[in-house]
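As a starting point, one isolated chain is supplied in structure tokens, in the form predicted on its own.
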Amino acid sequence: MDKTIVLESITKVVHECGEDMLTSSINSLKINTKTSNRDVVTEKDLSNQNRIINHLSHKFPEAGFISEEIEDNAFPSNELVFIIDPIDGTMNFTKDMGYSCVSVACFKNQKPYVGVVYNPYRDELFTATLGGGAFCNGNLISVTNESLSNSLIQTNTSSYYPELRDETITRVQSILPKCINIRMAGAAALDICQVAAGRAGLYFEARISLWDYAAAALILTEAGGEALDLKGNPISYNLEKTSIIAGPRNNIDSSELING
């Protein structure tokens, strides 16, 4: 399947999802708790998911799907698999913070092939195709050339997993003297794209899921960065949750956050 056709199809539907997010009434939003009050799903997560799957299954009937709001996800054996986060930063969305996105990746033979992350609040579309570079609204992007000491660092607290809170705080305390400052914005896919665009110098988190990084990690690597786990291994594109550190290799090394 041609990457351009896949990219165009994803782009169309994420724009539709983003428009629906922008016109939503936050005050009347239906919100349900999943595992805790930190882990919620809204009617817009579900409607975005249905819209994306319906659109892409019509365009690519041979494809399989993984999505955050599908129970009992398993990695399909299909040649093409779409990996969806219908709203990354759902808590931000429920609080009207203006920092959430729609993330869709296409894998071919279980490897990243196309990645799209759309931030409707700034109308920014981050895209990448394997071997084709990374873009924001059609403009080529790349990771920063600045040192860690001149960079902002993005992270999140893995709030679904309170047992990891101390580990995150320890890493923040370790890296804070080495950078300009820390940002905890609450949407991993969008945070990684900030690194890909050179706005931040590094992103790390103790535990995230495939749909959080599947599209953004391709965008980052096509922008010249690397995505590893916090043991220094290349990031695994499977359904096991993972830690992540993402950015230019020199900033990963300078951070000294990889603990082997």
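So that there is no doubt, residue numbering starts at 1 and follows the sequence shown. Predicted model only: the values in this text are computed from it and were never measured.
The same protein also exists as the form predicted together with a small molecule; that form is not shown, yet it is the one meant from here on.
- Segments offered: 231-239, 203-211, 217-225, 47-55. Contacting the small molecule in the predicted complex at heavy atom distances within 4.5 Å is 203-211.
- At least one heavy atom of I87 is located within 4.5 Å of the small molecule in the predicted complex.
- Residue contact with the small molecule in the predicted complex: G186 places a heavy atom within 4.5 Å of it.
- In the predicted complex, the small molecule sits beyond 4.5 Å of every heavy atom of N78.
- Using a 4.5 Å cutoff between non-hydrogen atoms, T94 does not count as a contact of the small molecule in the predicted complex.
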